[in-house]
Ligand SMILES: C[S@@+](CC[C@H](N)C(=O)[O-])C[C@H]1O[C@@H](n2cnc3c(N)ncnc32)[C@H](O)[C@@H]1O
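Coming up is one lone chain in structure tokens, specifically the form predicted on its own.
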């Protein structure tokens, strides 16, 4: 609650209530042991994920250094500092350096980079891993043919991400119209 108020007051985007409930259900069902989160913001979803998977270790990445500091504070206050490692920097540069294997991935960062992020960790996913991507319907524009010019690249890239997880044969995917769109993909290996 405190984090939600802080995020609202400071215009920090965090996962919405409906999407967070679904994320909790998926994490509780999977009970992952090694979680990767791309896009920590202030640590809200990292805390959510870690609290629902008490055996898991979690790596979270945040590009904005100020937000990364805020996330570290919130994670520490939640008593999760021992299980949650925060890496500050560009996910595109950090992901190739990670070892894995990951059995759960939550993507909630630069919307136009989702497919790039996923391809950089494909070889680090365990068979059966769950990849959850938030905001994949981007204000309804992904399903709409009329897109304002300033959003065309993001929408094109989100469509490419969805096409990959739906048609590559490597995932079983459900796209849910929850919040701003939630894609839940099960990695076949």
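Residue numbers count along the first chain shown, from 1. What you see is a predicted model, and the numbers here were worked out from it, not measured in a lab.
This next part talks about the form predicted in complex with this ligand, which is not shown.
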property	result
This ligand contact at residue 101 in the predicted bound form, heavy atom, 4.5 Å	no
Contact test in the predicted bound form: residue 109 vs this ligand, heavy atoms, 4.5 Å	yes
Any non-hydrogen atom of residue 91 within 4.5 angstroms of this ligand in the predicted bound form	yes
Contact test in the predicted bound form: residue 39 vs this ligand, heavy atoms, 4.5 Å	yes
Heavy atom of each of 34, 57 and 86 within 4.5 Å of this ligand in the predicted bound form	no
Location of this ligand contact in the predicted bound form, chosen stretch of 137 to 145, 155 to 163, 63 to 71, 121 to 129 [non-hydrogen atom, 4.5 Å]	63 to 71
In the predicted bound form: members of 12 to 36 within 4.5 Å of this ligand, any heavy atom	13, 14, 15
